[in-house]
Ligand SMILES: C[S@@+](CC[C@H](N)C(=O)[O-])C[C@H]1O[C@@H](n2cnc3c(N)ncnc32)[C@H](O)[C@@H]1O
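Here we start with a single chain on its own, the form predicted alone, put down as structure tokens.
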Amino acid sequence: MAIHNKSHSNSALMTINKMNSNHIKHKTSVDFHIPGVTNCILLNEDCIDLLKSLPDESVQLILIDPPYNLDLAGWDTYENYIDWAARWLDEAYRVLSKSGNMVVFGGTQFQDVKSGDLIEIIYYCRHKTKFRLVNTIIWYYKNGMSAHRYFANRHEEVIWLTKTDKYYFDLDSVRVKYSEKDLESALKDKRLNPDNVRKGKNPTNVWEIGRLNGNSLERVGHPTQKPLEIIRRLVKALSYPDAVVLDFFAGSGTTGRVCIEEKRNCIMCDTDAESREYFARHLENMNHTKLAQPFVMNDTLADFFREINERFGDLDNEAVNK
């Protein structure tokens, strides 16, 4: 039997529903345009250098999967993980917009000062920054590696941080559709808002999304590539069309591909020169799908921001209020 959210006892949700029915904007609403063309840039440089070159409050969503300091390669080795992470956390707070969101993938297996985990990042954010922790998301998957010295991992954690309480969040874009049977049952529950029920369920903070198998068609060659589905859910829920999304540990470039498909602008950066080859394979794969969208690859950040800013005065674009 499906267990539904008891929305009748959630005063905040009731207030939002009432405002929506009366066509009153919430304080977190954002006016945006749906662009005909988006912009993307991929730079091979250190993340700290990139962050320092970005203007204050210029980014809507920061979505990163940082190195875990496992000594897998040169890019995954730091003498003191949190000292290094603190540098990009401080800069990330500066460049994030007031309505912005930051998402960090990670784990919680701490060994020593060299290793990095989300617990230390959360601790630093709580005590050394003004970041707010909105959610911890559990990414659960059934396929994974075996283990003999501990229980085999079948999940990763994802933390969602914001700069203020006016963060952008579009739940409707990522709702999960009810089955016909569950929908019929939910619509009979007078405690639930029927408009929201028809849109679908809140996906909750536990997401069952499979890891990429070795023969997955999404694969582009990067060893820690994330599935498109999980990145897409985060991009759609925490940013809006024509917003700027930043991934300064770009890896395979999955974030960039999703941003193009979902009409967001994306800044990517990675010290690994192979990131350009990985991203090129993403674009080739994308061109064979129905989600392919027009985009421009910029060479400089100046060009990137100039072209985006010019679009704000384009009255030919469709204005949408959220």
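Not measured: the values here are computed from a predicted model. We number the residues from 1 along the sequence you see.
Separately, the form predicted together with this ligand exists; it is not shown, and the next lines address it.
Asks: Which pick from 269, 286, 30, 54 sits with a heavy atom within 4.5 Å of this ligand in the predicted bound form?
Replies: Spelling it out, the residue with a heavy atom inside the cut-off is 269.
Asks: So this ligand isn't shown here. In the predicted bound form, which residue out of 139, 169, 84, 131 has a non-hydrogen atom within 4.5 Å of it?
Replies: Selected residue: 84.
Asks: Please check if residue 254 has a heavy atom lying within 4.5 Å of any heavy atom of this ligand in the predicted bound form.
Replies: Taking the distances in the predicted bound form, the answer for residue 254 is yes, it comes within 4.5 Å of this ligand.
Asks: Look up in the predicted bound form whether residue 226 has a non-hydrogen atom within 4.5 angstroms of this ligand, and give yes or no.
Replies: Yes.
Asks: Answer yes if any heavy atom of residue 45 is within 4.5 Å of a heavy atom of this ligand in the predicted bound form; otherwise answer no.
Replies: So residue 45 counts as contacting this ligand.
Asks: Taking heavy atoms only, is residue 222 within 4.5 angstroms of this ligand in the predicted bound form?
Replies: Result yes; residue 222 sits at the interface with this ligand in the predicted bound form.
Asks: Where, among 257-265, 46-54, 292-300, 30-38, do residues come within 4.5 Å of this ligand in the predicted bound form by heavy atom distance?
Replies: Contact criterion met by 46-54 only.
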